[in-house]
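In what follows, one protein chain appears twice in different forms, each by itself as structure tokens: structure 1 and structure 2.
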Structure 1
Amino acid sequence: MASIGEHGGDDVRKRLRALGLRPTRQRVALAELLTTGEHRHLSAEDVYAEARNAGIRLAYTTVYNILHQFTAAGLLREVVVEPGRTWFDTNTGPHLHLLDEESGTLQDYPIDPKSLHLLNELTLDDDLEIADVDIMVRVRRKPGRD
């Protein structure tokens, strides 16, 4: 594990600054929390709870502020599944989402961007360009004998 210790996080600070974000105590703490370990899907509430558990003192409002700033900066991706169910995805690489509607489970599935052949053929207005593509595959248990 890299040296993201007690008083560490110098690299995080640099990265934040490069994104035009002042490395405040709260932003550094959340950035470390969110970029450490496996990729995850977290609700704002999840992030708040985890932060508090980790001993980070910060307000709920601040969690929202920072999550949105991180999303705008490309550190996170926002995934809206249903109204009132927003996930922040720590995986910003090319992937699609598998949603099991029965359980509400969201799963990443890596894809080769080149396979999105279709997107190169979209006819857009001349002054428009593709900023991002979200693909959600809704899966269900096969019907039949239970």
Structure 2
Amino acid sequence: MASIGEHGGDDVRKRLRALGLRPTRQRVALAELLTTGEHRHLSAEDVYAEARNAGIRLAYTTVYNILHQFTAAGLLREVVVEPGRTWFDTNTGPHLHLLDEESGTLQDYPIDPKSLHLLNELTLDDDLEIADVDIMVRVRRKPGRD
């Protein structure tokens, strides 16, 4: 995702066009907002609040729709933690997620999908290939450890 906005608004517009998305004011503003700094996991509510704080005036529904458009275009990854709890991940490269069940924080853990030996055990029809691997590891403190 970082490549979408590395060099400013014109590059963002070009990247959106290349992905078949019209570079509307709202899409450009959210793309620039999402590409600032490190990779992050954000809910639609988080993005809406950040946009408002940055002076970007958008309806919540517009933010939600744009996040799903970015996900469909491959600019974001949707991470469903549990029903009704979804984050949008700006890191679309290969990685798995560690979810701390106590704090609710989600952390990226880099991984080479080729190192997942379980994938070698899959028997797929000849016309199928693995498109993506989505792994969520849930962690918590051991009892008695503070």
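So that the term is clear: the rigid core is the largest set of C-alpha atoms that superpose within 1.5 Å between two forms. It should be emphasised that the depicted structure is a prediction, and the values quoted were computed from it without experimental measurement. By convention here, residues take numbers in order along the sequence of structure 1, the first being 1.
Of the two forms shown, structure 2 is the one predicted alone.
Superposition of the core reveals a Cα shift of less than 2 Å for A18 between the two structures. With the core held fixed, the Cα of L128 is displaced between the two structures by 2 Å or more.
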